[in-house]
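Just one chain is shown here, as C-alpha cells, and it is the form predicted alone.
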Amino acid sequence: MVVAGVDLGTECVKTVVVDGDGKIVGRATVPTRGYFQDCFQEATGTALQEAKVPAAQLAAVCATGFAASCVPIASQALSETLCHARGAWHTVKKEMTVVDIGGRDPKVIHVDARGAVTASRSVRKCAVGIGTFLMFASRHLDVHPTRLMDLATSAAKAAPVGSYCSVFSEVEVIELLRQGSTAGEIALGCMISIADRILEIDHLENPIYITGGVCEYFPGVVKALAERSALSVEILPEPILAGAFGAALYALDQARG
C-alpha cells in the first residue's frame, strides 16, 4: 500500500509518498509558480518516481496548505494545523509546541502527549507573508535567500524592522537602504522581525519544534526566535516536508479504513 500527502504552499509545493508502515519512500519540493495544479503534478510525479510506483497505485491522497483545493485527485483535504502537528508528533512522539513557519502565515500549535492538537493560533492577518517578506528582503539586499543568514551574523547590531505588518516591514527595508544601513544590519533586523511576530502569536512552552520551509531556507529566524524567547528551539528533521508528511499519514489512516 502507498499513499501521498501534498502541501500546497504559497512559496513551495511538497509531496510525500509513504508506504503501509508510514515510511517515506518518495519526496519532492518544487517552487510555487504559475498554476498550483501544475506544481502539484510536477511534485507528485517526482515523488512517485523516487518511490518507484505509478500514480494509479496510490490508495489515497490527502491535501493541505493554501491551495489544497487545487488537487483534483485528493480523497480528503485537511488543515495545515492538523497536518503539521501530525507530522511533528509522528517524528518526536511527545508533548510539544509546534511552530509552523511557512511562506504565508506562521502558527503556534500545542500538541499533547497523544498527538492531539489542544490549541492553535495564527499570526494576525496583516503580518502574514513570512517567507514572501524574506524573499523580498533578499532581493533588495541583492543576495540569494540562503545567504541572508550570513549577512545577519556579520552585523554587530540590528536595524529596526517592525513586526506588526508585512507591507510596512517591506517599506522599512527600502527606507533603511536609503538611509545607509548596512545589508547585515537590515538582514538581522528582518530575522528579529519574524521572531517577534511569532512571539506575539501565543506563549511558547518547551519543547519547541519548528516546521515549515522558512527554517530550512532562513535558519537565522530560528536563531533569533531562540534568543528572543530565551527558550530551547529545535528544527524538526526535513521541516519543509512536515505538513505533507502529516497529510500522508492521514491518507494512510483513510486507506486502512
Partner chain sequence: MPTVNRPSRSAEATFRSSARLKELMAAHFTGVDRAAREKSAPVAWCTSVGPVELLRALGYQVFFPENHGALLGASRVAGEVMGRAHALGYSPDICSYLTSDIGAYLARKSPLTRYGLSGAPRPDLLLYSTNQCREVRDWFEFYGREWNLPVVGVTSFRDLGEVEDSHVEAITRQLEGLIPALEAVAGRRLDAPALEQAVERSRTCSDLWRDCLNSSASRPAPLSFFDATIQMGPAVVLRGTAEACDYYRLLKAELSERVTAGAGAPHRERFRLYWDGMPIWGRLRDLSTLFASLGTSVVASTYCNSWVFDALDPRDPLRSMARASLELFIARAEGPKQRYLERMAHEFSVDGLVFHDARTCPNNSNVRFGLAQRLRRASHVPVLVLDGDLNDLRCFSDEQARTNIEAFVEQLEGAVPATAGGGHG
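Numbering follows the first chain given and starts at 1. Here the structure is a predicted model, which is why all the values come from computation and not from measurement.
Another form, the form predicted in complex with the partner chain, is not on view; read the next lines as being about it.
- Contact annotation: Lys157 falls outside 4.5 Å of the partner chain in the predicted bound form, judged by heavy atom distances.
- Interface residue remark: Ile174 is not counted as part of the site for the partner chain in the predicted bound form, having no heavy atom within 4.5 Å.
- The shortest heavy atom separation between His144 and the partner chain in the predicted bound form exceeds 4.5 Å.
- The partner chain in the predicted bound form comes within 4.5 Å of a heavy atom belonging to Lys125.
- Partner contacts here mean any heavy atom within 4.5 Å of the partner chain in the predicted bound form, and among 131-139, 110-118, 148-156, 177-185 they occur only in 110-118.
- Interface residues of 77-91, taken as those with a heavy atom within 4.5 Å of the partner chain in the predicted bound form (partner not displayed): Ala77, Leu78, Ser79, Glu80, Thr81, Leu82, Arg86, Trp89, His90, Thr91, in sequence order.
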